Ligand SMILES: Cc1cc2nc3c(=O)[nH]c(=O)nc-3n(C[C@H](O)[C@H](O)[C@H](O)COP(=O)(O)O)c2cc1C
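One chain comes next, on its own, written as structure tokens: the form predicted on its own.
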Amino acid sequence: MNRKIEHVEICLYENVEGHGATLLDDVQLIHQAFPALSFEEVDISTEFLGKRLEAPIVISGMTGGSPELGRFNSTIATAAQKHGIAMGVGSQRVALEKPETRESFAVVRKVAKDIPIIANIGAPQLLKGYGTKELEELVSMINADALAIHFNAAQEVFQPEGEPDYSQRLLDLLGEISHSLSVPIIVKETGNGMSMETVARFRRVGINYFDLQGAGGTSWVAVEMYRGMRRNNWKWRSAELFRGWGVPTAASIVEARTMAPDSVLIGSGGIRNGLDGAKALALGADLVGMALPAIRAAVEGIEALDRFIGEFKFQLRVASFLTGSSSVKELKRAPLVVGGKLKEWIESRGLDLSTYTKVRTRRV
């Protein structure tokens, strides 16, 4: 089976979620009985990559590389264009190696002409010789507004055919390319989150966009566990042990915002509804990302995906309204209470909640 198709098939039909907690349940937004505004006044539009979005939502890239997955991309692009939200495509490595698969990615821009589109490639490919020329080809293939370079060390180490090379040279190359590429680079995790230390390293080489993909949502270690079981590959038992590994989404947002107070953060990983999204924004994210819920809805058809996105946006507006926030900017500054394991995490990492509150509310 084509690996990309197998990945999507496993995500759709196997238990790959919730092997750990996002810790968003430890975030409580404060209800305002008198919001001091009308619900109709709530405007959740925002700007991202120089374009206006109707809502601060990014459908993260998962698909492309075959006609079947191209149809998923087309469906997602149709819904994203309608709702005025951003989207990304899955890894385009295959499109460079097999030009006949390019249309499964290019269809996105043909359908979604106005929204931010994010190209995608795996970080290990930089060590295999992919430089500015190849990356610009990925960008032009879909007329992208940014390029996501995904860091999936945990997935690679358990993947039967994985390439778990994350040596220092990779960071050096990333820095070099970030200064020469025509569009911004978004450093993206794939379900294990980013720590303060990781964000600080990327910042030092000039990265200012982060898609955090925290633990608690889709576990790509679990995906590789199922692939290993199917092949009787010995790694699957070890993958089972590590399928909940990572920095939980809420903790990753706090750590990243602490290290990168002026960077653009996409809070992602286990975001399943608009209330999750509102918590992520109030906690420190600029936008919220999701992939699996969109793919599952897309399988049912454009109507199901349209309904899911519409409900997500409504829920995000409701959370804004009930916190007295008329805009995304105000929601980012909404008061909240942090407790439970998230509070323990923050304190054990040497962070101070009162200081962090000043950091998150001073965001641009």
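Bear in mind the structure is a predicted one, so any value in this text is a computation, not a measurement. Numbers follow the displayed sequence, beginning with 1.
There is another form of the same protein, the form predicted together with the ligand; it is not shown, and what comes next is about it.
Remark: none of the three candidate residues (I44, P56 and K279) comes within 4.5 Å of the ligand in the model of the complex, counting heavy atoms only.
Of the residues Y130, W220, F202, Y226, just one reaches the ligand in the model of the complex with a heavy atom at 4.5 Å or closer; this is W220. Checking V157, L292, V107, L173 for any heavy atom within 4.5 Å of the ligand in the model of the complex turns up a single hit: L292. Heavy atoms within 4.5 Å of the ligand in the model of the complex belong, among the stretches 297-305, 318-326, 58-66, 331-339, to residues of 58-66. Residue contact check for G191: one or more of its heavy atoms lie within 4.5 Å of the ligand in the model of the complex. Of the heavy atoms in S91, some are within 4.5 Å of the ligand in the model of the complex. N73 falls outside the set of residues with a heavy atom inside 4.5 Å of the ligand in the model of the complex. Residue contact with the ligand in the model of the complex: K4 places a heavy atom within 4.5 Å of it. Of the residues in 138-177, only H150 comes within 4.5 Å of the ligand in the model of the complex through at least one heavy atom.
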